[in-house]
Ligand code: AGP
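Single chain ahead, written as structure tokens, the form predicted alone.
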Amino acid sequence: MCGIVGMVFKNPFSARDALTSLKRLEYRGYDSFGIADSNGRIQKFVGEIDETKAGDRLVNTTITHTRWATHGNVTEANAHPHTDCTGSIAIVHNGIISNFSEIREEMKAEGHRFASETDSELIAHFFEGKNIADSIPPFFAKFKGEYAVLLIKKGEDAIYAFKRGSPLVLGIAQDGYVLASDIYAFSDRTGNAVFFNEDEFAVVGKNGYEFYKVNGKLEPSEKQVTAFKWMAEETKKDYEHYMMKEIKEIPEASRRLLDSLEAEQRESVESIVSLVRNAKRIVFVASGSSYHASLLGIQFLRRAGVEAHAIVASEFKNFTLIDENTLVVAVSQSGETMDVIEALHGIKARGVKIASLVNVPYSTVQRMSHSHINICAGQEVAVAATKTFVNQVLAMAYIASLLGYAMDMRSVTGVFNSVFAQEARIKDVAKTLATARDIYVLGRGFSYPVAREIALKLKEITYIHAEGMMAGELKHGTLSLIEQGTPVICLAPKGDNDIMSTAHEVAGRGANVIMFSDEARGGIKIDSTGKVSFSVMAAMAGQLLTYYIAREKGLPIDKPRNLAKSVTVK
């Protein structure tokens, strides 16, 4: 989940520019950051990226890193880059070395001295005193886990790059090259990229690059340059936080998606519809908010007469059986979610078709798919999924509508502003919930996945324990936790009398009931044109409620503790 950027240019550039490119990847981790150059200088800092820390010095080759801590606490010593014993080799690493303890003990016995608690430092020590290219096959044979690594040697204007599992891409700029975890690091510089495949190694110098396949030895690999387009918003504009900006972008993002599905992505849509029709069953694989969107997706498809299931990516191999009659639909905002990628590994070779819904073009998940849809949400910087969640839901509903689920997609986008009209009321409710210890969110049918999504947002951003659950399950245990003043949010689409009965039941036990319904009823009014519309509007209201609770508590809304936007480790 860390972000790495390496730059090598024909002409000297400011080290500050390198950190500016790294800043674009800060959503991948923001515990600490660092920079190393080919002159041998290394700087490391705890906290969010501050470009000014690099000073005004000029460099030709540099590697940088922004960290989401896995091995070792958040300290300056554990920040990247890391070096070997001599200081002649510096590396940055995204991923996890799974046999870290074993290798560390071996290296200690060989006399290596370690300056950090990290698994990453071992990589620098492995290459100490060795020819880098010659040592790549033995490295891949010895080091288990996932890694994208950038390595430089003092006095050389070249970057050695290699990957297994974790994402890595080369950007081809006008006068040099940028290596990074994803294209957003250099999308302001160039629209041309070369994507690393699994087990590949590259040597990138200021005058060119060479790629090799690592297969027990190095084999030259021919690579294609891909032209890409990536729409990104880099500033918060007039908003205090990216999260609010991105919530307010939902109407525009949803209209952009629907226009795209009906025009430039029409062929991709038809391909996925055909894959669904030819499959015996559909299995969604996703994590976090994307999983909750998938829980809605299977309801849409089932109402179109399609057998559909959703599996949490990290448990995919334990909970599902797939064969050549199965269509697996991978759902991932970044397209680099490691749990999703792990689930997809190997199934293509078994004749299983893969479709995907992603937000980042040319991502690993997209490139593993037979067919894909870009959800067109644009760059989402805040950790919380907001417009990406809504667009995932709308993309799934659109596919279901083409398979027989009767609904008017455009009617959904027509009532977005009704949620924003409730903003003052949502602020008032947020003030009453800011001191809550626990919040329960109840839903049924279509509103159940939304209940889980709202609860996730509350946990992520407000640090309040929240549980989203099926309302019918409340009486099978959780009801014992309801006491005087316990906040319970009830999602009540029009005509859902069962959820109203549940609301009365918890109110009778002293709960502070907050209704999300078509009537005010002392809660938050949700205008909708149907169940899909209610699900989307209730999710948006939950996003706003979460935002204002966190703001009331003075929390770091865009960068909550311990989390990162793109989860690229298992």
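A residue's number is simply how far along the shown sequence it sits, counting from 1. Every value quoted in this text rests on a predicted model; they were computed, and no experiment measured them.
One more form of this protein exists, namely the form predicted in complex with the ligand; it is left out here, but the text below deals with it.
Although the partner is absent from this view, T337 contacts the ligand in the predicted bound form, with a non-hydrogen atom inside 4.5 angstroms.
Using a 4.5 angstroms limit between non-hydrogen atoms, Q422 is distant from the ligand in the predicted bound form. Proximity of A384 to the ligand in the predicted bound form falls within the 4.5 Å heavy atom cutoff. Remark: E460 counts among the residues lining the ligand in the predicted bound form, judged by a heavy atom distance of 4.5 Å or less. With the partner left out here, the ligand still marks one of 133-141, 285-293, 475-483, 494-502 in the predicted bound form; by a 4.5 Å heavy atom cut-off that stretch is 285-293. Listed residues N391, Q333, S363, S447 were compared with the ligand in the predicted bound form; Q333 is the one with a heavy atom within 4.5 Å.
A single residue from the set L261, I399, I439, L456 has any heavy atom within 4.5 angstroms of the ligand in the predicted bound form; that residue is L456.
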